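Read the single chain below, which is given as structure tokens and is the form predicted on its own.
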Amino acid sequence: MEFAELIKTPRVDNVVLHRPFYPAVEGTLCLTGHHLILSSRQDNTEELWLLHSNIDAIDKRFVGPLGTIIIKCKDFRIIQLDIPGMEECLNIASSIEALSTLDSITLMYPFFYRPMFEVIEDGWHSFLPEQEFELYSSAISEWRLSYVNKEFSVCPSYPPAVIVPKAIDDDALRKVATFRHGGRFPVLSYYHKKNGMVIMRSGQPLTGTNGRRCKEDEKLINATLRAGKRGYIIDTRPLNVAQQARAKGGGFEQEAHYPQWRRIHKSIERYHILQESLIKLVESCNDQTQNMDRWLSKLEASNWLTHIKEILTTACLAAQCLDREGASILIHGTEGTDSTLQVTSLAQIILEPRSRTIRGFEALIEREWLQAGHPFQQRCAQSAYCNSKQKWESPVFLLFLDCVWQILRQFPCSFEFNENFLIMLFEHAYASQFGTFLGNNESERCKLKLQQKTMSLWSWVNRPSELSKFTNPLFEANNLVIWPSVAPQSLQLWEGIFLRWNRSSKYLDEAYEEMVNIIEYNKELQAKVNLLRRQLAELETEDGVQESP
């Protein structure tokens, strides 16, 4: 298919653009295969380059011969284009609709994008499982890297290499895979160096109504326990939902078959409930007419902060089991690709200082989201404005980033990255020139040949010129476990995401710049103090030498 077939009117003059925080500007609108571009001849006017894949929905209005297109973006921006001529307006609108809903992944911009920067590091090879496993040197005696899934035949949503107990061979793993939802047998998510306890993750066991069991599964899970120790299974579904799953062939671990494990049920919502929550939240944030009571009631009705609280509470419980009770844990919900990953990732941010660095956090995203099979292509297909909702769209990753922001806000000096880093990840998960978030799992990315045909997001982010934008000036390495508060008073609306297009951040940006300047000046003064101290010590030493006989 040629993009030209979808573009009925490639160019329109005298289009007026209205967008947040900029004065209205008149210019020429151009449509390309992947971008909507508006350029103006006015001095000091910034061009608009908008990826079609960032467009969530469009509305059309007509007043006489003038047509208006309102573009609602996946990053929650709303842009208005006033287009002279009804026919041109209708043509532009239908072209945008067609170009923003392309079915084929290989027609998306990452396959056409050619970087204008020098590639210093190939991000596709920055966080390989082998490299991550080497970091667990103290665990190598008990764990191994298995390539049982190298052809994606055992589990289509797992990567080719996974970390499993050394005592369990590949034949046993194949049997366990038939007993777990989607073939997602228990694998290592995190090794706590302090005491050797671990977090494992999987899909639900397929016990069904007959109480089916799998000896190999029991052996695998028990292989993670120390002698005389108990473990915890954290099921991210409420008990009644887990019980209902048995009727569909799913279920949960029976106490009789897993006597050394205590099962805890938590309630983390999924799918359309989260999507509806996001829609309500964005709608209330965009309503500029409401009074205080109405705003607060709409914010509460969205339940967004309640979902944040549920996820953080479960992550804190997981971290507590490992660090304070010295117990290993297995985490799963139904598939093990959504709420499970939220909990395993956040528990690591609480426990592991490396996960709070830029590269460590990138490794976490790669390991616990991309390689672990979170279906980004499905979950991030639409955002808060699209009318044609599919059942698999859900802001799972955005909720995770929001939880990270909540912890970052409570521990502003413990993270090497800043809020802009989290916002950038949100934007690229929904629309990007990079191939990192394309596809639903490693198997799909392999078939699409993303490593050969697209650029990795990490290749761009990890360049020194970009890293400086995402580095937290307050960062001081903190090797301790950090325990976030999940009290309702401690959780706040993430203004940097949900209100950034509704009110200017000019003064906050100026305050941030001033803070950075003060920190830099403080470092200069500290360096001078250290230099003067050294000079003083040298002078005292010289005086001592001269005075000695």
Partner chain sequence: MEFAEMIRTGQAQAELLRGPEEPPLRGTLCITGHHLLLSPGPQATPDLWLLLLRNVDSIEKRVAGDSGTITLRCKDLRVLQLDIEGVEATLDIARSIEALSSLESVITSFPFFYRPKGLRLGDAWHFHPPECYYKRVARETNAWRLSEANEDFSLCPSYPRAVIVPRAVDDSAVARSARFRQGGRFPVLSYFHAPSGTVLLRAGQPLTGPQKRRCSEDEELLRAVLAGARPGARGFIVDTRSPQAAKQARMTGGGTEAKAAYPGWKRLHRPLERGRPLQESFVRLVEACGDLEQSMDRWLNRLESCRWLSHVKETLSTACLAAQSMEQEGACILVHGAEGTDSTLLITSLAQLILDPLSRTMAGFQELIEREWVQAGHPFQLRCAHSAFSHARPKHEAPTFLLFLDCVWQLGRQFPLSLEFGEGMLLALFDHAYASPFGTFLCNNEKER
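Numbering follows the first chain given and starts at 1. Since the model is a prediction, treat every value here as computed from it, not as a measurement.
Missing here is the form predicted together with its partner chain; even so, the following discussion is about that form.
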Q.
Taking 4.5 angstroms as the heavy atom distance cut-off, pick the stretch from 519-527, 476-484, 501-509, 61-69 that is near its partner chain in the model of the complex.
A. 501-509
**Q.** Listed residue that, although its partner chain is not shown, lies within 4.5 Å of it in the model of the complex (heavy atoms), from 106, 306, 222, 243
**A.** 306
**Q.** Interface residue in the model of the complex among 31, 50, 57, 491, criterion: non-hydrogen atom within 4.5 angstroms of its partner chain
**A.** 491
Q: Tell me, yes or no, whether residue 292 is in contact with its partner chain in the model of the complex, where a contact means a heavy atom of each within 4.5 Å.
A: yes
Q: Tell me, yes or no, whether residue 325 is in contact with its partner chain in the model of the complex, where a contact means a heavy atom of each within 4.5 Å.
A: no
Q) Quick one: is residue 300 in contact with its partner chain in the model of the complex, heavy atoms, 4.5 Å cut-off? A) yes
Q: Flag residue 495 as yes or no: does it have a non-hydrogen atom within 4.5 angstroms of any non-hydrogen atom of its partner chain in the model of the complex?
A: yes
